[in-house]
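In the block that follows, a single chain appears as structure tokens, in the form predicted alone.
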């Protein structure tokens, strides 16, 4: 990421220091072959796309990877060594990777965690049968990364999951160990399991898919955003929720493309272009080249925007940029619905004070300052407004949503019942509650950035949906937990209840956990903090 993009978002004098403090890579940016070509790829096509990346100026915007997806496989010889497709890549892939590197780019490749690739199953590509990593982890790593010179690998799960029903954590761990064994620990891995696989993924990969394959269709884009709205806790320290490749330039309307690219940037998803770069529409290229949106995606904090407020069918998301708990935030007003949506948010709910300086990052123009304490937007259907908002000061948060919590036991594979998950609840403040929290000590929720300016005593009010025979164990930092027995479910139709306890916070960031080691908690909506007078 070049420093020009970072400089846009950071106050003068802080950019270099902040960038130096980051010891992790930002989300990858580049191009991938799957969306447009699926298995119908060849060496000439890959070279043309790599050349177009440079000629269109996208390399200078930060796009670096040329990723060859499924379709390059030929056969394994008697020794198990993989050979490329004799017609598609008659000269192999080593020269392709060298060509990509000579352009100043990085090269990505593909495989499956099982024996057969997705292309062999869904595209009837017989060359993908037996082409997966299963049983060939070490030799494929030696070939792909040491001999051919690739820098990145996307590892699918069709052969491992749909065919063999292997355990995800065990299988990807075996692959990671094999790569490390042959000295390829620097290779960036993408876990492609089509759902959030579990918190174990951060120890193995830089990114992981959170949904099924994207399509150049509004409902697909909307669905993927919906899947990622409440996964911000798992995007941190160089690990990212992958919302799949971009469908920009493949038939979405202009406003839908703005939503697609803008929310991918707000959520720090990898940005992998999926269209034919030699035939990309001018408007789509301008959007993909928007340095101000790219800077939000590549921000040194590496954070994903959280849902701050739900307004009807719309959402307001925000994240810090440049500096954690600084005075500058990126804010997105997002309307996925079929009707216009008027939205507003109090600046205190954005934790900003004073007059706000506002810039529209999609339109790349400054907007009038906000002095009345309310930030407003009127959005048409399928649209987004993404703003850079700078206040004069930063205030303490008053509310912490349940969906901001890190859940050590969370995964979205759907293999077992009563796993903790983010359950829809229209009455909840953010539209979601934590359900099936508890039952064992490790199944708890963690908020590790609960902030107090000076520390002291607070009233904590927990909003929840009652559950029979439940209990909440609340621990503040390293102190012994507070045991709360909430009220039982009511019969008057009221769904939410609340309970208040007194807690003491340290100055700065605090760690708050909630759970129940030997039973369920109620379904947690949020908690609110009110400082007590000294």
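Positions refer to the first chain, counted from 1. This one's a predicted model, so the numbers in the text were calculated from it and none came from an experiment.
Absent from the display: the form predicted together with a small molecule. The rest refers to it.
By the 4.5 Å heavy atom rule, the three marked residues 234, 410 and 419 all fail to count as contacting the small molecule in the predicted complex.
In the predicted complex, residue 386 stays away from the small molecule, with no heavy atom inside 4.5 Å. Proximity of residue 118 to the small molecule in the predicted complex: non-hydrogen atoms within 4.5 Å are present.
Among residues of the shown chain, residue 263 is not one whose heavy atoms approach the small molecule to within 4.5 Å in the predicted complex. A residue is said to contact a partner when one of its heavy atoms sits within 4.5 Å of a partner heavy atom; residue 69 meets this definition for the small molecule in the predicted complex. Heavy atoms within 4.5 Å of the small molecule in the predicted complex map, among the stretches 390-398, 437-445, 187-195, 309-317, onto 187-195 alone. Out of the listed residues 332, 245, 100, 267, 245 is the one that sits within 4.5 Å of the small molecule in the predicted complex by at least one heavy atom. Interface residue among 449, 217, 139, 213, judged by heavy atoms within 4.5 Å of the small molecule in the predicted complex: 213.
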